[in-house]
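First, one chain by itself: the form predicted on its own, in structure tokens.
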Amino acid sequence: MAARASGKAIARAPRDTAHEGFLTHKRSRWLKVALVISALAIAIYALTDPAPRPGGGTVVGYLLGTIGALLILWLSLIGLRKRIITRGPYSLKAWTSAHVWLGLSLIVIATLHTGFQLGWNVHSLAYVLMMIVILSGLYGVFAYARLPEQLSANRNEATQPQMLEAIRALDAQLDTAAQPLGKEEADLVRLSLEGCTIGGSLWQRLTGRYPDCGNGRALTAVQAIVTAQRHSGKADPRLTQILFLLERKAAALAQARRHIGIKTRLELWLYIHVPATFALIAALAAHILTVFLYW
């Protein structure tokens, strides 16, 4: 029985694609399709010899322009496609994979369509907007590949509301601990309570730098006071408790700010990608209309 079993081919379990990334979906099927399309476009462009020179007004130019325009319109439908969840060859993962790779093939198709002729006109505007859409999309691919892991690691199983609640709890403890202090020390605690921003400006969220943070300034001042007291052998346990709470708040603020910063970087590209897509469609319509009006 064992001998017969060993003589038979062992059937392999189907490959688990549950965690397969959209870039490598179906063994990078859409990357291969995009490479083939780009290679064909280059071959057609290289093997033709229009007069006076290659450009959008030649037969090849019109062909590549039509393909590029249809691709742009199809790629812009990704927002609608995300609202419909299906499986199989037309799943959202397959569509997203095609969106990325075919979008990159537009660089080749549109550049050859222009015949490397750019100027200050609506035609070049459409090309520039297309490149902005593609480059912002590339950043989006990077963001979704890297940042969710960083977001998860930083959270440490805490949600954003829980992070903010932890900071509020520390503020309540600081307020209570500051009651018996003198005016100078109490003002430092007030600086932490009233002069602290968690989110801040876009620049602060992106860089994670908060040079005017009230808690940071209060922490530095209290550290200096406590250090001087320890050197003199007259440490005030009330200030030591304040220092401990300020340090805990600094750690909680750092975690919350990192969380908000990562979320900002994860979403920022959409504020460029989506408006630029609508502007591209408008410029593309103007480009096509102008071409046919003066054909």
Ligand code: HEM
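Just so it is clear, the model here is predicted, and its values are computed rather than measured. Residue numbers here begin at 1 and follow the sequence given.
A second form of this protein, the form predicted in complex with this ligand, is not displayed here; the remarks below concern that form.
Undergrad: At 4.5 Å between heavy atoms, only one of the stretches 203-211, 163-171, 189-197, 136-144 reaches this ligand in the predicted complex; which one is it?
TA: Within 4.5 Å of the partner lies stretch 136-144.
Undergrad: Is V222 a contact residue for this ligand in the predicted complex, using a 4.5 Å heavy atom cut-off?
TA: Heavy-atom contact with this ligand at 4.5 Å: absent for V222.
Undergrad: Answer with yes or no whether V108 is in contact with this ligand in the predicted complex, where contact means some heavy atom within 4.5 Å.
TA: No.
Undergrad: Within a 4.5 Å heavy atom cut-off, is H123 in contact with this ligand in the predicted complex?
TA: Answer no; every heavy atom of H123 is more than 4.5 Å from this ligand in the predicted complex.
Undergrad: Please check if A94 has a heavy atom lying within 4.5 Å of any heavy atom of this ligand in the predicted complex.
TA: No - in the predicted complex, heavy atoms of A94 and this ligand never come within 4.5 Å of each other.
Undergrad: Out of I44, L63, L270, L243, which one falls within 4.5 Å of this ligand in the predicted complex, going by heavy atoms?
TA: It is L270 that has a heavy atom within 4.5 Å of the partner.
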